[in-house]
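There is one chain below, alone, in structure tokens, taken in the form predicted alone.
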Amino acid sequence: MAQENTRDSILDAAEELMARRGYANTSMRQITGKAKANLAAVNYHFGSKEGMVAAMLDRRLEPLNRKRMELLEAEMEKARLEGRRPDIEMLLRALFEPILRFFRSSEGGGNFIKIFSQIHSDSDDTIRKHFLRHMIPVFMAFFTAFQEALPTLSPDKLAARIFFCIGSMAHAANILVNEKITTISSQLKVPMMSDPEGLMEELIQFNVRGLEIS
């Protein structure tokens, strides 16, 4: 049990620091100091800093993507039984809503969402590489479902629109955890939606319309 506590403490510390500093600017000394652990413990549990990052992503993305796939498969099965195409809104809910549930129910969820929102802009490829290892199979499953739901869209247009959806999801998640966005909104005197459920509903409805444009 003590070893598991040490392992989780290291991952929690890595998440918190990388959410603020990014992967490249977070040292192992900073992580072990915050976790009150030593480098030998990191080597024992993870083998290296990259191994630790892989474990950090495994811990969050495996249950998140498992829930996504459960919701996707449920909608696809329902569509088959009812003799219809998959519902676009339900596909988007399967893709997006587990993020909201994760944010609201998971301790440290805000830190991980900050890391998620930085993945594609980070100059270091380490986190992105392990993130894509988890996400490519999920993306392909959803791409196939959206092809069935939107058969008149060419594959390149559909892929572009799904990437637009994912980008808007990353931005919406960032709104929930990034105080800089709140500051900008205040300076512009433009109110920013901060209710997670309301924001998620707006995100889904916005993307339904975007996917359906002929």
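So that there is no doubt, residue numbering starts at 1 and follows the sequence shown. Since the structure is predicted, the reported quantities are computational estimates derived from the model, not experimental observations.
The protein also exists as the form predicted in complex with the DNA; that form is not presented, and the subsequent description refers to it.
Looking at the DNA in the predicted complex, is some heavy atom of each of Ser168, Ile175 and Gln205 within 4.5 Å of it?
So, no: the whole triplet misses the DNA.
Of Arg59, Lys34, Lys49, Arg161, which one comes within 4.5 Å of the DNA in the predicted complex, counting heavy atoms only?
Flagged contact: Lys49.
Look up in the predicted complex whether Asn65 has a non-hydrogen atom within 4.5 angstroms of the DNA, and give yes or no.
No, Asn65 sits far enough from the DNA in the predicted complex that none of its heavy atoms falls within 4.5 Å.
Is there a heavy atom of Asn38 lying 4.5 Å or less from a heavy atom of the DNA in the predicted complex?
Answer yes; at least one heavy atom of Asn38 falls within 4.5 Å of the DNA in the predicted complex.
Even though the DNA is not shown here, does Asn43 get within 4.5 Å of it in the predicted complex, heavy atoms only?
Taking the distances in the predicted complex, the answer for Asn43 is yes, it comes within 4.5 Å of the DNA.
Check whether Ser27 has any heavy atom within 4.5 Å of a heavy atom of the DNA in the predicted complex, and answer yes or no.
Yes, contact at 4.5 Å.
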